[in-house]
Every structure is written in structure tokens, then in C-alpha cells.
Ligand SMILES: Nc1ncnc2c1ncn2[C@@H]1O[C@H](COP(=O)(O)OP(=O)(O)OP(=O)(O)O)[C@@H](O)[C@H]1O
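Before any questions on binding or motion, here is one chain by itself as C-alpha cells, the form predicted alone.
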């Protein structure tokens, strides 16, 4: 059942686990979710009760629009994150779940699997990203909008199941490109501007047309569906005020959890629990 307090508690625990260390017995089966994103690679680890105990992430460009473009770079990134978590927790991680965008071809799914297996973890399940996100949100009906680095993806949920998906190429990278052109800065500087809390109102004004474009993608794809709420996830949704833009453009109530970047990685780890 959708419960904003439960969701924000889980996400706050996941964020807090980035700074915490702990000691676990090797007999305890920790649950691992590996999220290979366009802008970030994220590993989330849960204890057997489902509580987040460790999280590591790293900015990366090893994927583009859900497809691996730098296999060895992806392997090395996952290995680094896994190694840091193992050092912090005093255990070896053996099993993990992964997720892919809806409609990912079997060959590309295998590439995601091989990356994690190259890091000495067995892949216990492969989830579609909206299914992973809804493991956290637990909505019965609505639209999950996942805005990552490269694309705006959406999934229509009915009776707790995904009944329609779409994905179009407008994401966080496009926001950075607009900032580059408008503010005459480098791509790296534009990325930092997005994260600077003192600049976020300025950023929001500068990239409003891009956010409106994202909302129009959602609007065009939900025609014919009865939608009573939109749920925002993905790293780009960390931009303050984005939920207000979507609510205004769509005329539909829009919910954003406190840390939308961690929703899907946390859901992937929860998916791992279902296979144990």
C-alpha cells in the first residue's frame, strides 16, 4: 500500500547508510541491488529484514539510454562500489538483483548480467525498472515517471501491475546542455550547477522548457488512461520544484519522494529479497 511516510523512511535510511559502517556475520544473507544508470551506478544493500545497511554510488557514463557503451568501465565501477561496501560491512557480497528498462532486448539484459557476474556476484533476478520502483512505492494505480540522465520513461500502473510503458530521449543530460548554452559553462560545470542548492531556483527557471517537454512526453503517452496521480523517480527529479512543474503542466497531482534517485536501486534490492 502506498504510504509516503514509509517510503521516506526507507529512503532516508538508504541515504544514511552511505555514511555508516557495520559488522555482519557471513552467514547473514544480505540483499544487494545493482542499478546501472545513465548518470550514476548505485549499489544498495539491505539486511535480511529489508533495512538499508549500506549504499554506494558513483557518477558514471558507462551506459547510454539503458545500453552499455563501456563494458569494462561498468565492471570496474561496480567492483569499486562492491569493494567499498565489503570493507565497510566486513562481509563478501555473493548475490544481487539488477534491473533494465522495459523492452530491453535479451542480449542487452545478458550484458547487464555479465557485468555483475564479472564482479563475483550471482544474479538472482532481473527486474524491469518500473517494477523495481513500485517495490518501494507500492502504488495500485497511477503513472511512475522515471527521469534519468538520458531519457524520460513512464509506466502506467493498474491493480499494482505495469500495463503500459514508454521511453523518450529527454533527460538530465538535456538539462545540462541547456545550462551549458545559456550560462556559457562546461558540461561538468553544468552538472555541478544542478547539485548546488544555492543555484537551484536559477536552474529551474533556466531549464523550465526542458521540464515542460518532459511533462508533454508524459501527457502524450497517458492519453486514454485514467490517471489520478503521477509519481516522480530518478536522479533528475532531485531538482527542487520539478514536481510543481509537472502538476501544473499535467493538471494531475504529482508526488515526489524525498530522494527520488534511490527509489529504483532500493527497489532492486527488495526484488533480491523475493528470490532468496
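Positions refer to the first chain, counted from 1. Everything numeric in this text was worked out from a predicted model, so none of it was measured.
Form predicted in complex with the named molecule: not shown, discussed below.
Visitor: Note which of 218, 238, 30, 53 lies within 4.5 Å of the named molecule in the model of the complex, where distance is taken over heavy atoms; exactly one does.
Guide: Exactly one residue meets the criterion: 238.
Visitor: Given that the named molecule is left out here, which of 245, 39, 230, 210 has a heavy atom within 4.5 Å of it in the model of the complex?
Guide: Answer to the contact question: 39.
Visitor: Is the named molecule in the model of the complex near all of 130, 155 and 267, within 4.5 Å of a heavy atom of each?
Guide: No, the candidate spot makes no contact with the named molecule.
Visitor: Partner absent here, but in the model of the complex, which of 78-86, 92-100, 107-115, 172-180 has residues with a heavy atom within 4.5 Å of the named molecule?
Guide: This holds for exactly one stretch, 172-180.
Visitor: Please determine whether residue 149 contacts the named molecule in the model of the complex, using a 4.5 Å cut-off between heavy atoms.
Guide: Contact check for residue 149: yes, within 4.5 Å of the named molecule in the model of the complex.
Visitor: I'd like to know whether residue 184 contacts the named molecule in the model of the complex, with contact meaning heavy atoms within 4.5 angstroms.
Guide: Heavy-atom contact with the named molecule at 4.5 Å: absent for residue 184.
Visitor: In the model of the complex, does residue 261 have a heavy atom within 4.5 Å of the named molecule?
Guide: It does: once the named molecule is placed as it appears in the model of the complex, residue 261 has a heavy atom within 4.5 Å of it.
Visitor: Although the partner isn't part of this model, could you tell me whether residue 195 comes within 4.5 Å of the named molecule in the model of the complex, counting any heavy atom of the residue?
Guide: Output for residue 195 is yes: heavy atoms within 4.5 Å of the named molecule.
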